[in-house]
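First, one chain by itself in structure tokens, the form predicted alone.
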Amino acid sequence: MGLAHLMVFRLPGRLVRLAKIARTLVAYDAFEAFGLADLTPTGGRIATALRRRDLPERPGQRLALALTELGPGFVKLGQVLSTRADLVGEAVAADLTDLQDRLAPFPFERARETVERELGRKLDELFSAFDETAVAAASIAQVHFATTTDGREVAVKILRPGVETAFARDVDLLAWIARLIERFVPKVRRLKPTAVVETLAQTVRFEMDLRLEAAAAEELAANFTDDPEFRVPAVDWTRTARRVLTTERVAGIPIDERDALIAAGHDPQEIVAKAARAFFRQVFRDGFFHADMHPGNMFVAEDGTLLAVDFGIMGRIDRPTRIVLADMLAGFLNQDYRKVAEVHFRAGFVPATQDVGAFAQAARAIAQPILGLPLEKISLARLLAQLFEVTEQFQMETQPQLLLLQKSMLVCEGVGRALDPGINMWALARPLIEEWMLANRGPMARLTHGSEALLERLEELPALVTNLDRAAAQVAGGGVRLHPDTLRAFGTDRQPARWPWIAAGAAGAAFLWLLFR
């Protein structure tokens, strides 16, 4: 069957599904979340008949309910949109952060089949006990508690049967809808629906291989080996495969249950301080951070240690971007908006064709209302979110790693305020921030990094000299053919013996530029 015939065959099913999606969005009055309230005018008879009663006031909340009803693929889409405050706005993104990815568990027998097929052994050869009831079930996987044959208590995460096919179908449908929207609804093109769906596809592909999650957990654990405040469960690699992940079982109180934490003898302010320090170290020290740190994934152990689980969504920030981020935040905190603008231009985030002064003015307009608040109400996540909202005006390129960071900061701030509304978690981490900036942006740091760059150039010297010798030999032997005009410009028709020296001089100049640029 050809591609055209296949598309025609799919079309009726796609149209039926599209109608259901539109009906659901209308029922929850969710178009407003995308700035499209005029598509379903309040007075429209059909819209009024379909619209549910007693809906939440905020558009983001209504959109979250609609996506939940549409199913797991759309819940994942909502989670991706929660990282795109630049597209849907800060308020809608914040509401979508609370989307719960929960589903009824699949039968234990299917879980058993998956474990035995993936690990190549019978369940009772791997585990002396295995709870048949799942302790958590989401759209991609569910978790069972078990005990290994050598007596260790573990958590076993198992992918849903057929989940790859189901999500491929949803992603294919969403990609088709995105293309239709970009073609026929110009007003929505600014939301870049095709790019959003591609981000969703990449996220889901990563989560479908639990070996990648195991590797992420182990890398994060290695970064905190000597840190008594933050811990990651150990991975059992002998019981881990593409569709099965086995980790050490951890126990603790969910980080947002303030009353339970106090009853257990924990100081909420100290927990917030630990969370701030752990997050700062992940982002700035390591450039590798847990990007899904909602309360369901963070616990407080009996001794006060923070325990993290679920490493399907992680973020990375390379060192140059960390430097840019530090300079940008320093500019904001010092209210040096010209510096904020120059950092964006220097990093290439904003095209050089834009006006630095105008960008500085926009940064001031965003920051002043936020930085003028009392310390405990200042939100760096909100600051970043509003900055991303000006991306279209200044043709600023989307920075996915910073969008993921902004979402994580928003979640962390929410947890911090739930524990103690009177403190600011970034203020608690300020000594670490200042220490890091001194170590990485101070005079000694610049000298150190300059020396490292020089050494890197020196390491290239042998290869450069070899290439120089080859070039000179080629020119001297007539092995390089140049245009006659070029030869006349250098006067080689009269004095060919100069060519080796000209080549050597050019190569030497190139080397000096490479060394000291």
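Note that this is a predicted model, so its numbers are computed, not measured. Numbering starts at 1 and follows the sequence shown.
Unshown form predicted together with a small molecule; subsequent notes refer to it.
Using a 4.5 angstroms cut-off on non-hydrogen atoms, would W237 count as touching the small molecule in the model of the complex?
It does not: once the small molecule is placed as it appears in the model of the complex, W237 has no heavy atom within 4.5 Å of it.
Close approach of A141 to the small molecule in the model of the complex, 4.5 Å, heavy atom:
Within the cut-off, so yes.
The small molecule contact at W426 in the model of the complex, heavy atom, 4.5 Å
It does not: once the small molecule is placed as it appears in the model of the complex, W426 has no heavy atom within 4.5 Å of it.
Mark N440 yes when one of its heavy atoms lies within 4.5 Å of a heavy atom of the small molecule in the model of the complex, and no otherwise.
No, no contact at 4.5 Å.
Within 4.5 Å, heavy atoms only, which of D420, D310, E90, D327 is in contact with the small molecule in the model of the complex?
The residue from D420, D310, E90, D327 that makes the contact is D310.
Using a 4.5 Å heavy atom cut-off, which residue among A129, A175, V135, V185 comes into contact with the small molecule in the model of the complex?
Exactly one listed residue reaches within 4.5 Å, namely V135.
Could you tell me which of 346-354, 268-276, 154-162, 219-227 sits within 4.5 Å of the small molecule in the model of the complex, going by non-hydrogen atoms?
It is the stretch 154-162.
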